[in-house]
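The chain below stands alone and is given in structure tokens; this is the form predicted on its own.
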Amino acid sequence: MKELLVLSGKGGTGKTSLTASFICLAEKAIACDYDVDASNLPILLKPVDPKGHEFSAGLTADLDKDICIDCGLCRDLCRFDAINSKYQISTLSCEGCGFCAEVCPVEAISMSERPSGRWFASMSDQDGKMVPLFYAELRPGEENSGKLVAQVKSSARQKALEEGYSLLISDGSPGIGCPVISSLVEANLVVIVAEPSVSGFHDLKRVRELLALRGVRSILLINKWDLNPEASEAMEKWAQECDIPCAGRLPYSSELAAAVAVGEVPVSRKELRDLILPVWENIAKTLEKQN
């Protein structure tokens, strides 16, 4: 089984619309969205009858007032100031360390799983081709996004093993944070989607630095290259110096923007399919060579 992961250094590069296109162009693949803070792949792939599963990545403290003797020990020792003078526990401040439960002399405090979000398993109907789709939603203010990404990845890989899929195509989060690091586990090739701008070039270099540290191979895709041809040339030259192959360039397309605006996968339109297909074929050939 191989996994193709699509990343970008910044948002708005066209990463998700291209990922959806690659999923539809692939002969048989499982789709994953690892952007658990703002999952957008389902908007384009339109999941059918998604099955939701609760996710917990930590614990929270519960205090039983009927047992509590108001000794103040838990409140005085809590490093996160999660317990107030009325012995009420703030779920926003509680880090789930469990120390208060350990020191309570009457065992009035217990620890329970803290709901952190949900992950979903569904199918996507793409012109009669049913594509398994896995994605998740992290609750606002919750942490442990990397663990939720790992849950999505693990569930998708289990599906692949059970039903004989040999390819996962995954849409990662923009940037180089915790969910991106988690998404790199077992990835065989990363497509870096970059825009030709000063900030786009800077963020491209940051993503490449992370991939080098993790030992993951990458391939560059320059999107909207014609908006800044000089920057596109500089990106390609830099990629060659870093031994990063280039999958190709895609021009700015108002039709692609129009397709995404109405929730369509770009390659559902023939003109866009003809534009993106050669890039996908280059990526697929590079992926075949990866271990």
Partner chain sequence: MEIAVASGKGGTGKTLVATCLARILAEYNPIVIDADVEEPNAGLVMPHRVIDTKPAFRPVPEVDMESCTLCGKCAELCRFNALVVLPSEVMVFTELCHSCGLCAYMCPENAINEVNHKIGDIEESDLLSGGQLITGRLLVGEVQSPPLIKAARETRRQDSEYRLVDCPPGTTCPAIESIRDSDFCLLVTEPSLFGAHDLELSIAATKLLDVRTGIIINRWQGDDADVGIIAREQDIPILERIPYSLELAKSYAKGENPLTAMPELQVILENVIKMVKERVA
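What you are looking at is a predicted structure, and each value in this text was computed from that prediction instead of being measured. Residue numbers count along the first chain shown, from 1.
Keep in mind that the form predicted together with the partner chain is missing from the display, and what follows is about it.
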task: Heavy atom within 4.5 Å of the partner chain in the predicted complex: which of Leu77, Cys71, Ala212, Met130 fits that? Just give me the one.
output: Leu77
- prompt: the partner chain isn't shown here, but in the predicted complex which of Glu255, Glu233, Asp62, Asp226 has a heavy atom within 4.5 Å of it?
  reply: Asp226
- prompt: in the predicted complex, does each residue in the set Thr16, Asn40 and Gly175 place a non-hydrogen atom within 4.5 angstroms of the partner chain?
  reply: yes
is_contact(Pro196, the partner chain) in the predicted complex, heavy atom dist at most 4.5 Å: yes
query: Hey, in the predicted complex, is Arg273 touching the partner chain, heavy atoms inside 4.5 Å?
result: no
query: At the 4.5 Å heavy atom threshold, is Leu138 in contact with the partner chain in the predicted complex?
result: yes
field: Partner contact for Tyr87 in the predicted complex: the partner chain, 4.5 angstroms, heavy atom
entry: no
task: Work out which of the listed stretches, 42-50, 63-71, 22-30, 237-245, brings a heavy atom within 4.5 angstroms of the partner chain in the predicted complex.
output: 42-50
query: Within 95-116, which residues come within 4.5 Å of the partner chain in the predicted complex, counting heavy atoms only?
result: Glu95, Gly96, Cys97, Gly98, Phe99, Glu102, Val103, Met111
